[in-house]
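Below sits a lone chain in structure tokens, taken as the form predicted alone.
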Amino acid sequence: MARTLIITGASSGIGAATAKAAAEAGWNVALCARSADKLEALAAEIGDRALAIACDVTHREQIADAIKRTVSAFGSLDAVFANAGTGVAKPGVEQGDPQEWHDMIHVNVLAVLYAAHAAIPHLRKSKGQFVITGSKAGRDHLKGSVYGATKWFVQGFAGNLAEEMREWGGRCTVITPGMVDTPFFDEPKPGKIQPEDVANAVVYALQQPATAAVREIHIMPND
């Protein structure tokens, strides 16, 4: 039976590329994002392996329901890719916008926790894997970056969760790219990391044998 992966932030960029790559590798993929029309178009492109679920990951009950729907549709949950993330328009602390911080922390921090909390009972059954999109910004100190601080949380949480999951044979992986050419940025950046590059890393981590846990994949642009 095909294994099943649920992806948050699946409507574009890294999430959409990973959905395509995972489906090509034989996985069922449940696609979660707020943009129902984009998800439906992506699911139609992928075919029978894909399930579109409109979902706001900052609402705990919505991500829990999405996971239940995924298990109901495909029979199990073998992996989660907590990919949804956002930044801020106003950088720095002194000139930053606390409301932007509030909204960003709900996506970059709490939504990851909500997904893990809802998914772990299912992943325990399948000895599955939790993958998170981190960032180079979560490995380096960037002047006044509150966004970077949320990714430092992701970096630490991924390691802590990996230690919890290994007790029952589960795995946790953080993917930490540098600049990626995604809609996250206003201008195209064709010389930077491509979404497909990150997708390949996710699929690589998911396909490792049970004896190997890839804890982190760090990707930098080669320009």
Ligand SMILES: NC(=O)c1ccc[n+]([C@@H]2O[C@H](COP(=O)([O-])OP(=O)(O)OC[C@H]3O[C@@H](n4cnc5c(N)ncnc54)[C@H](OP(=O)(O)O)[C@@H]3O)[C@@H](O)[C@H]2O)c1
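Remember, predicted model here, so these are calculated numbers, not experimental data. Each residue number is its position in the shown sequence, starting from 1.
The form predicted together with the ligand exists for this protein as well; it is not shown, and the discussion that follows is about that form.
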Candidate site Cys55, Gly134 and Met179: all three near the ligand in the predicted bound form by heavy atom within 4.5 Å: yes
Segment that reaches the ligand in the predicted bound form - one of 145-153, 117-125, 89-97, 67-75, heavy atoms within 4.5 Å: 145-153
Interface membership of Ser35, the ligand in the predicted bound form, 4.5 Å heavy atom rule: yes
Contact test in the predicted bound form: Ile14 vs the ligand, heavy atoms, 4.5 Å: yes
Partner contact for Ala84 in the predicted bound form: the ligand, 4.5 angstroms, heavy atom: yes
4.5 angstroms heavy atom contact with the ligand in the predicted bound form for Pro188: no
Residues in 99-128 close to the ligand in the predicted bound form, defined by a heavy atom within 4.5 Å, in order: Val107
